[in-house]
Every structure is written in structure tokens, then in C-alpha cells.
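A lone chain, given as C-alpha cells: the form predicted on its own.
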């Protein structure tokens, strides 16, 4: 971290147009800009596309709205068991898409107002680094004491015969119409979530993944159970399978699979990872180092090898989650302009996959814990949710606690089932604080609720 960080009134500041110039107005960039301005820094931010970045526009927010939409068909089916008689349901894709677009536009406006209210200068244009202290925006050279790169990521689609016919998740949010059949390719959370979305909206859905099972970073029990439940919902899972080529046949796309099968669908969506969005940014004009993963190398204080240039968020490839980028932005602003010296703690960060059913997790998987600790106790519960006793449906809830037997600390907490993200967020506070299994056992549950199962599991499996 720069020696004079934390002192925005340095005598040399007047030689710069701004104390901080932020490239990229995603969640992390906006937070860093706002917090820096509130600490008294002169801040500018440039965004060439849309305020809020991937999460707000083509990521977390619209995806969650689509997940809500896709879940209604199961709600309608469950209603009969509770005495409700409903007319046949119909779905209008254009209504969902357009309502989603309106909500995103509203959020874009909020981000703009937040920046304006904080006194941050917004450039709605592309910014390119000209030197360690200069950026070029709309033909104008602007100087800054510090430059922050937080331009996020972009979808990666491999090059293969017919790859020009596929779409990414970015385009999936703006389709003119839904296909009757879709092929989703990938094994990460984006592919799993979109497979559930499309299936829930009535599209025949095929998920193709080259590995034996999706979500490889998550607990094996939850992965296996989710795969079972997705198959029960009619999603066709093609594991250990790749697409060798795609050909166009009229309005259809024919995928030639590595298994020898031919899969015909109206759309093929690739969700095969994301790469740092740092191309043609001018980083080569500085001492900034890019690693073999094509991400920006930074130290514990997010400082690159060029002392005046910092980077946060997906471009540094640590934990690629919106709340992480936001936290990194707050820490950086405090360190640079408020005398702070904090570093980001990446331990026990909760996350969720908004599959159907949801998956929520914090801490270590069983496999990770067995490598880290001498003895591990596993507590596991699988049951039918109360709602389905009258509503029907085949979903099961799976809950799992991973405990370091020597210290009794709960080092992993995992859930598959409705509301998993909401429940795990609350338990993440306890896990982060170092709660023991005895603490869980001493906590009175809320009855009847699914969440109470986490404090009633007594015997390890």
C-alpha cells in the first residue's frame, strides 16, 4: 500500500485532477468511489455501458427475478392441496422480460443518484489508461493520484465449429422469445441456475457438462441431491459430455455431442466461465502484472505492481461475488483516504446457488474439512418440507453441518432446499464468529420451520 495512503490532503494532490479515478461502475467500483468521496477525496468514475455492472444488469438481480418467475408453476401446482382452485395458468415471456428491464432501469437511476449525491464525477464513456497517473476518456486526458481498475468479467465461450451460433447468459436476459427446447452448456452456478429458470418457464431443457457432476466447488452430498431433484423436474442432464460442433438447420441448432448423439434445440446457451474484462485497457503501458489466469496481480491491499494503480472485484480473480467486490471497495477507500490498514478476510464467505431448489453454503465442504482437520464430525438431515405434505412435490431438504471434532467449531454449514440462501445468510454470522456445535445445540429452534433442523441434529452420521 502506498506510503502516503490515508492522506488525501497531501501537498502533491493539487497536481492531479482527481485523487481517485475509478474505471468501471459495477458494485465494487461504485462503492469504492462513494466511500472515497465521503472520506474527502476528489473522485471520478467512468462506465462505458451501464451503471451497476454485471450483477445489476446481466447477473444476480435479473437472474433472481427470473428464478422467482420460474418458481410460480410449482406454487400453482401446490395450491390445490391447500384448497385453492386456479384456472389454467399461462406465461408471457415478453411481460417478464419487459418488467425486468424496467426494474433494472430503475436501479441504474439509483446508482447514478448515489454517485451524484456523494459528489463523484461520472463519465459515461470508456476510459483507457495512458500512464500510471493518466486516463483517456472521450479524447480528454485526466490525471489522478490513484487509478482503480474494477471492470469486472465477461462470459467466456470456447472457439469450436459452430460457436458463432451460441449465446451467453448476457443475451439470455433479452431474448425476443423463448425456444421450445434449449441446450445449456456448463457446470457452474450460472448454467445450473439458468437450466432451472428455463425449465420452470416451460422450456424443454438439456444441461450439457463435460465433467461427471456440476458445481464441483460445493459439497458432494448437495451436488448429488440437486442433480437428482433437477432430473425429477424434467431437466435432461448430460454429464461427461461435450459439444464437438453445432450446425444450423433452419430455425434449429443441431449439437454434435461427444457421446455420438445429436441434440436439436432452438437455442444453445454457453455458461462456461468468465474472464477478466481487461482487454485494451492500457495496462501494458504500466508495470501492472497479469497472471496466467489473465487476472490482475495485486497485494493484500489491492495494489498492483504499479504503485498508483489498484484493482478489486472479478478482475483480480479471488472470490468472484458481488458482496466481496463491495467489501473490497470499502476496505480500499478506507485504506487510501481514511487512514485504514485493513486487509480483506476471505474466510467463511457465504454464497448461494439460486437453483431450484436453492443451495446455500458457508465454510468448508466435507472433503475440504477432512483434509484440514484431524477428525471431522458430520451431521446430516434429509427430510420432506412441511409445505409438501399437502402441496405434493418430490423435493427434499438436505442440511449438513461440518464440525472440527477437536475444537467443536462448526466449520461448514450447507443446505439444499427452499430458502437456503436466506437461512445460510443468518447462520453465516455464527460460523464467522466461531460458533461451536454446542452453541448450535443450546439454541432454541423456531417451530415449525425448516431452519430449526440446524439446531436439533444431535448424532453425527
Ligand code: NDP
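Numbering follows the first chain given and starts at 1. This one's a predicted model, so the numbers in the text were calculated from it and none came from an experiment.
In what follows, reference is made to the form predicted in complex with the named molecule, a form of this protein that is not presented.
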Tell me, yes or no, whether residue 141 is in contact with the named molecule in the predicted bound form, where a contact means a heavy atom of each within 4.5 Å. no
Hey, in the predicted bound form, does residue 191 get a heavy atom within 4.5 angstroms of the named molecule? yes
Proximity of residue 39 to the named molecule in the predicted bound form, heavy atoms at 4.5 Å: no
Looking in the predicted bound form, any heavy atom of residue 354 within 4.5 Å of the named molecule? yes
Which is the contacting stretch out of 180-188, 75-83, 279-287, 119-127, given heavy atoms within 4.5 Å of the named molecule in the predicted bound form? 180-188
Scan 91, 301, 156, 373 and let me know which has any heavy atom within 4.5 Å of the named molecule in the predicted bound form. 156
Position in contact with the named molecule when the complex is considered in the predicted bound form, options 257, 136, 321, 343, heavy atoms within 4.5 Å: 321
Does anything in 272-308 come within 4.5 Å of the named molecule in the predicted bound form by heavy atoms, and if so which residues, in order? 272, 273, 274
